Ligand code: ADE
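Here we start with a single chain on its own, the form predicted alone, put down as structure tokens.
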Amino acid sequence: MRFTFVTLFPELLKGYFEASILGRAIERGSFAVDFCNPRAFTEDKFNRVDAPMVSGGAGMLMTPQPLYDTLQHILDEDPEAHIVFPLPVGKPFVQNDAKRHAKQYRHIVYVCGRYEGIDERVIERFADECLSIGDYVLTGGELAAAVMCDATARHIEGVLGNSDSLHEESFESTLLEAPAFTKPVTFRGSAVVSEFLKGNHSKISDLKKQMALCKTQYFRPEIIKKAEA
């Protein structure tokens, strides 16, 4: 699988995909990441990619020509590329979207906006999906794109060392993941749940489900209400 980031600042993302689990997965060839900078496609003699909004208002907007030509270039090379715009107006990105993307597409393109956003005509022409990671505004789309890519890449075969861990994570069963512990058994007066030490996997599984429910009720009660609706 391949992920392409359309961004004015590829250096913000490169380091993230060179380290840890994702970096090792890329080295193994489990998936690939590349970057495409709209500045390489601008026809402006001063290499500009932004301009004031025609309706007035504070800030600058990414102009259509560089982005349009960038995305058309990508589609000319791969007509099946799935283009995602991380935008505040988008549908909330959730775990099922990550699983769907990993299963359905072999090439995802994230278009990272900057300044006050992207000329709407580019979005209307190229967007296959608009997705949001939360109801807040970021300086640019790079962080949102990295979040979506990370969540999706975890579902690609060979990325995680132990694929079984996917089945026990938060949101896989509509609940948050149960509390987890490691050694030492007692740390600064606080002990691991005693049942976890007895080796009865059936009881441990039941207890984890119970604890996951309690944790979800406490931290995210809306998830349970949604599941019951």
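Throughout, we count residues from 1 along the sequence that is shown. Bear in mind the structure is a predicted one, so any value in this text is a computation, not a measurement.
Separately, the form predicted together with this ligand exists; it is not shown, and the next lines address it.
*Asks:* For the interface check, one of 94 to 102, 127 to 135, 153 to 161, 75 to 83 should have non-hydrogen atoms within 4.5 Å of this ligand in the model of the complex; which one?
*Replies:* Contact criterion met by 127 to 135 only.
*Asks:* Go through Leu71, Ala144, Ile108, Val122 and name the one with a heavy atom inside 4.5 Å of this ligand in the model of the complex.
*Replies:* Looking at Leu71, Ala144, Ile108, Val122 one by one, just Ala144 meets the 4.5 Å heavy-atom criterion.
*Asks:* Would you give me the residues of 79 to 101 that have any heavy atom within 4.5 Å of this ligand in the model of the complex, in order from first to last?
*Replies:* Contacts from 79 to 101: Pro86, Leu87, Pro88.
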